[in-house]
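Read the single chain below, which is given as structure tokens and is the form predicted alone.
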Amino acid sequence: MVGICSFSGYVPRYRLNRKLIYQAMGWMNPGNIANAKGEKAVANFDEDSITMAVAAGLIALTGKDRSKVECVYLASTTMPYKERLNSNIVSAALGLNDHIRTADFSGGLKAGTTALLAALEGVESKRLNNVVVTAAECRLGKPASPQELILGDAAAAMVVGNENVLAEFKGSYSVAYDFVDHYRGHSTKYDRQWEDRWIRDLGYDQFVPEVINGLLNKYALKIEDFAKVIYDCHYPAARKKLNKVIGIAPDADQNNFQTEIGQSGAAQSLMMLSSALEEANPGDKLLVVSFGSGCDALYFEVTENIKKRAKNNGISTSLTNKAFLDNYSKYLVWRGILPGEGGLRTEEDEWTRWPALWRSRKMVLGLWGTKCRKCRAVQIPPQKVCVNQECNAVGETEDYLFSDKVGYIESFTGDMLAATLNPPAIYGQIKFDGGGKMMFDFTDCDLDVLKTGMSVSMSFRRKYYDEKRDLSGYFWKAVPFKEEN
């Protein structure tokens, strides 16, 4: 049996009320009032498609043996690098070994399902056993455009394998068209699209029914056989029309989270699938359809193992952990749309030289430290000499992973002079369960909620962006656990 063995979703903490956007830019395009309902998910200033893919991947790998992962795929149209394998960074941050296959999937908004299909067929061929598929998106709409209101940031991840399968892969059907709806050139920053009626009336109205009917005919099924039909279409009227034409019952139409998150590109279909799996029952049939330069349709059947799934791995957990941005201009500065003066310290040339990153890559990307084989003392950064004064063994250390460990705040400060896009810069000492202590930046929190002794988790984030060289550097930051009342 081949299929999805684990799944997850990740939505950034911050949300932007669409009315704030419309209040600021509605004067330029009054028709955008139709898209000003609800909120959109906004990546923090230190997040991008890589960090969000890592966040989703870490959740999906909870309780899994990472040494068994043989392949990592990343699907996105907003990858930071064009000539550096982005999935390699994801793989390293997930704490996986170097002797695996990685690949980037891009070029179209159905890249997420294409990556998932590649993983499923790889396992089906028995050439692969465990594949992590991640999809993440951080697309930009030009201010005053409909896309600015419609798009949202999110990520999803699936572990594909042949053991303890939660949803068995039963088959697929695809169509490929050079249908130009959304397009971005090599140097284009913002999402561009052709007319809405072109996308609705020819794109969705033709391709979605075509790929669904193709799958139904191929496997002798009826649309009524599916407990959930998951497809990407953010136009409310077009979606209502498609449901009627295809025959999708209201309770089978999976929520697309348009008013809570926004349209999340290559991650959209996998994000919706993750949500559907949270509520699925054994025997349920699920139909997943992507859209973008054609369509992929995937057919799954939920197994009895769904009863054993982890309860905190879906979209619902991320949706409840949110905070609202208090102003629209902060979003513009975070995305580099509005230049902001960060002070002279922002002009310092601090990018990491590649030989230095290579030598420390396991610690920087994976947050690996060391453990003494003799006395079992742990240390970060990694050391060749044991830090235990009663041991001091030399050359007796082994790798020790810190990214999955709980830490506690030993000290912290808020610095208004340090260079940051979200002042004050917050950083401090973190002591880990089992030993080890190091200075980290804090993120996804406010200074007034912090206190010593508070527990934190580690989150892979963008440490800096070098505008001169157009490169991003990554490291780990501390995120305080949300305290329950």
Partner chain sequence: MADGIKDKVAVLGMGCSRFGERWESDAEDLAAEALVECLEDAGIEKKDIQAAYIGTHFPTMHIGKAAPPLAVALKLPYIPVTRLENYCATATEAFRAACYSVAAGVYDIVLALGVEKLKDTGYGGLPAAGVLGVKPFMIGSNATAPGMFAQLGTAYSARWGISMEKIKDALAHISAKSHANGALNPKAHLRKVITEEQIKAAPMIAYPLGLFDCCGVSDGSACAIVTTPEIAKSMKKNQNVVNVKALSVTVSSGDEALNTSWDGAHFATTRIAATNAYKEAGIKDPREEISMFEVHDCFSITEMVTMEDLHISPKGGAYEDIMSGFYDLDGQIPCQIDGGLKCFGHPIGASGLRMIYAMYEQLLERVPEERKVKNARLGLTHNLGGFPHQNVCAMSIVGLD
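Numbering follows the first chain given and starts at 1. Just so it is clear, the structure is predicted and the values come from calculations on it, not from any experiment.
Keep in mind that the form predicted in complex with the partner chain is not shown, yet the notes after this line are about it.
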> Which one, Lys126, Lys189, Lys308, Arg345, lies within 4.5 Å of the partner chain in the predicted complex by heavy atoms?
Replying inline: Arg345
> Since exactly one of Leu417, Met28, Ala34, Val449 fits, which has a heavy atom within 4.5 Å of the partner chain in the predicted complex?
Replying inline: Leu417
>> Would you classify Asn255 as touching the partner chain in the predicted complex, given a 4.5 Å non-hydrogen atom cut-off?
In response: no
> Are any of the heavy atoms in Met363 no more than 4.5 Å from a heavy atom of the partner chain in the predicted complex?
Replying inline: yes
>> With a cut-off of 4.5 Å between heavy atoms, is Gln429 one of the residues that contacts the partner chain in the predicted complex?
In response: yes
>> Contact with the partner chain in the predicted complex for Trp351, defined as at least one heavy atom pair within 4.5 Å: yes or no?
In response: yes
> Are Tyr204, Ile223 and Leu286 jointly within 4.5 Å of the partner chain in the predicted complex, each by at least one heavy atom?
Replying inline: no
> Going by heavy atoms within 4.5 Å, which of 65-73, 48-56, 431-439, 35-43 lines up against the partner chain in the predicted complex?
Replying inline: 431-439
> Though the partner is not shown here, which residues of 457-472 have a heavy atom within 4.5 Å of the partner chain in the predicted complex?
Replying inline: Lys463, Tyr464
